[in-house]
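One chain is shown next in structure tokens, namely the form predicted on its own.
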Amino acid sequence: MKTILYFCVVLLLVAGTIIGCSSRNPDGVTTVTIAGWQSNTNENQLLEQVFKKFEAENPKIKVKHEVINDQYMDVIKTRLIGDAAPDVFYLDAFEAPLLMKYDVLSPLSPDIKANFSLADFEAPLLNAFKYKDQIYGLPKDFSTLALFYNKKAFQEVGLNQPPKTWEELRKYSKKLTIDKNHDGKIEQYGFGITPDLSRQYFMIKAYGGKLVDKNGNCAFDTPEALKGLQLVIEQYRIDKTSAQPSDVGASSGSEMFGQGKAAMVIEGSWAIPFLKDTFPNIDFATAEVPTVNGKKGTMAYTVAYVMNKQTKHKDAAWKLISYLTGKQGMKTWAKEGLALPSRKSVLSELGYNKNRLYAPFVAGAAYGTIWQAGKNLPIIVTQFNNQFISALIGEQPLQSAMKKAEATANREIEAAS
């Protein structure tokens, strides 16, 4: 919270004096800096290919690419406050409301021409970067969540298709939870969970619950919100057929699944190349997340390219953004499958919508809950996660935990306003 407060206060004081870090050489070549993180080395190599093609088509523009994997947003915010902010940088939808509100991004709307085809983007992804009728970012990719299931584990207990509803998922989990020696030591849980708000938000919405109210304050301590979360708690504490990664010595749901310690998990599309590379012997399939309360639901995560408002070379920065988010540029780097391209035409051309592993993620884009809920979301996340995990492991009832989380978050939000 202190980081956010410091960022906001200082931005208001220095907004007019920030200087972008692009440069022009004596030979008339403009250098545009772009910053982002790196999921793996393949992603970086593909991006470098795109930059080379861009430079070949735009000989008066050079691209300087910087990878920031440690505390990415803290670094970006610090540089925005100072004089070393990149011209173009990645921005997660989670963080976008704060930066759009404090006017440190350049609106892209004036530069977007009719032939750029905004209609080709998935609308919810594009809307995540809109503020006061202006577009501040163009989504480069997205992922939703889908159900991963171990085909061999299913066959061993007589299951031949994925669960369609949450009730079925719980029944499946009981069959798939294996205690081979009957000594209370479970070798395989039916379901692996990640007890983080970024994964549980759609469960809050399943029965009509809300994460925040119209003023941006916490609003998840309601019977509707608790009903969806209670399903997660009951499966963990009463059924005892689900586990967190930390319960089985894993660092993530993907790893837990790959190690065979959970027969089902709900993960993003990034898990597909991870599992293929790290656990090549596992035979798995994917399906849409089972319905909850008769409703389809999942999470949707997206990242955009945005422009520093104080860049000295907006034309060159726009050319880079439009190239990276254009059909050809997007197609070049989106082949790896770590995340899905945000243009519908590129999704189709690369065959993701027909690929059995990726199709459930593509389908989820139409109804997924964008991981975004206003500028106060970082505060809300911290308080929710602390208290939800406490309820999950039985330290307190869920309602008491959410009441504490909401009250503490709202006090912090009020103090920050």
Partner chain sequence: MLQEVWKKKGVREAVASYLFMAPTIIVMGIFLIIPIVYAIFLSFNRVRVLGDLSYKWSGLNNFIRIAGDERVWIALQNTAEYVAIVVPIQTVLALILALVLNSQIKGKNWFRIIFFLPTVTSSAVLTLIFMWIYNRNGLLNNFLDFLHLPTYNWLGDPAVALKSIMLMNIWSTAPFFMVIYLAALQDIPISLYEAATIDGASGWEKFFYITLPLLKPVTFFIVAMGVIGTFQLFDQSYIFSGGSGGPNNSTLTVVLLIYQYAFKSLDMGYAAALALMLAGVIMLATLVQRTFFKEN
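Numbering follows the first chain given and starts at 1. Being a predicted model, the structure only gives us computed values, none of them experimental.
From this point on, the text means the form predicted in complex with the partner chain, which you will not see here.
With respect to the partner chain in the model of the complex, the three residues 125, 153 and 328 uniformly fall beyond 4.5 angstroms at the level of their nearest heavy atom. For residue 283, no non-hydrogen atom is located within 4.5 Å of the partner chain in the model of the complex, even though that partner is not displayed. Residue contact check for residue 350: none of its heavy atoms lie within 4.5 Å of the partner chain in the model of the complex.
When contacts are judged by a 4.5 Å heavy atom cut-off, residue 236 counts as touching the partner chain in the model of the complex. Taking non-hydrogen atoms only, residue 81 approaches the partner chain to within 4.5 angstroms in the model of the complex. Here is the short version: of 224, 247, 120, 167, the single residue with a heavy atom within 4.5 Å of the partner chain in the model of the complex is 247. Proximity to the partner chain in the model of the complex, defined as a heavy atom within 4.5 Å, holds among 181, 71, 160, 109 only for 71. Residues with any non-hydrogen atom within 4.5 angstroms of the partner chain in the model of the complex fall in just one of 210-218, 96-104, 319-327, 144-152: 96-104. Along 390-407, residues 390, 393, 395, 396, 404 each place a heavy atom within 4.5 Å of the partner chain in the model of the complex.
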